[in-house]
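Below, in structure tokens: the form predicted alone, a single chain.
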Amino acid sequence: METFGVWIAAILTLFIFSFLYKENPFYRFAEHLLVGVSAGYIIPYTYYNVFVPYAWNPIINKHEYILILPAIIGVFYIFRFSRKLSWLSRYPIAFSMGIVGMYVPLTMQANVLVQMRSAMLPLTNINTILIFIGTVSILLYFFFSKAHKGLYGKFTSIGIWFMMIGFGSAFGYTVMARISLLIGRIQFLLKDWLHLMK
């Protein structure tokens, strides 16, 4: 069974890699299989790991009847598949958007305020000086009420350099993560499937 599983994984990996040539039925089969298996897996996983421990057991065993209301609102998501009752699915979506809104202050605290505090530190070393210059030059770059000419334009061009370095490092990190996944799949094909590596 282990050998059979390795062969299935290797064949599906090659089906996905076939997209590098062009889109084809093999790639589409593997793509649809991934989506179908993921959907089929997530339904029982959600039932046993979310619904049963957080809704069914507390309501039935611990008599926490207050949880019936959020459970009913959560069930309203299913009505998205009904033409006549799809309007009921808007209520849980509205609650979800409200919860997302609750995270806005936390995001401001984690990202914006931390950056502001870092820009207000005493300029005692090269790190704080670079943070200060980068923050000010980037903010001035996005200040469009003044033409970017002369000394002001040269200072805002420093902000462009800071942004390009930041975007480049983020892009490089993303590419590195994808290449790491590619290396893992190639190692699987050469080691576990073809036994060409030790």
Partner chain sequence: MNFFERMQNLDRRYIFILVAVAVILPLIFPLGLPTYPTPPVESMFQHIDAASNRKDKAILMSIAHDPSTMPELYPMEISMLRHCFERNIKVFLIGFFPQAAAIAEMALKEVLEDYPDKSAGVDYCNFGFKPSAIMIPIILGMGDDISKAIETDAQGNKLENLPIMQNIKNYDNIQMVVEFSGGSFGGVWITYARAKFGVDVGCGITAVIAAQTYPYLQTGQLKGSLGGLKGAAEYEKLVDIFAKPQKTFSRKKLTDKQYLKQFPLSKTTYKYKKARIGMDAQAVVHIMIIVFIILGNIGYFVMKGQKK
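Superpose the two forms; the largest set of C-alphas matching within 1.5 Å is the rigid core. Here the structure is a predicted model, which is why all the values come from computation and not from measurement. Positions refer to the first chain, counted from 1.
FYI, the form predicted in complex with its partner chain isn't displayed, but the following is about it.
Contact with its partner chain in the predicted bound form, judged as any non-hydrogen atom within 4.5 angstroms, is confined among 155-163, 65-73, 40-48, 141-149 to 40-48. Heavy atoms of every residue among 114, 121 and 198 are located within 4.5 Å of its partner chain in the predicted bound form. A single residue from the set 93, 110, 85, 78 has any heavy atom within 4.5 angstroms of its partner chain in the predicted bound form; that residue is 110. Contact annotation: residue 30 falls outside 4.5 Å of its partner chain in the predicted bound form, judged by heavy atom distances.
At a distance threshold of 4.5 angstroms between non-hydrogen atoms, residue 55 is out of contact with its partner chain in the predicted bound form. Within this chain, residue 13 is remote from the site of its partner chain in the predicted bound form, having no heavy atom within 4.5 Å. In the predicted bound form, its partner chain sits within 4.5 Å of a heavy atom of residue 186. Residues of 160-194 placing a heavy atom within 4.5 Å of its partner chain in the predicted bound form, in sequence order: 169, 170, 173, 174, 175, 176, 177, 178, 179, 180, 181, 182, 183, 184, 186, 187, 190, 191. The rigid-core alignment places the CA of residue 132 2 Å or more apart between the shown form and the other one. With the core held fixed, the Cα of residue 171 is displaced between the shown form and the other one by 2 Å or more.
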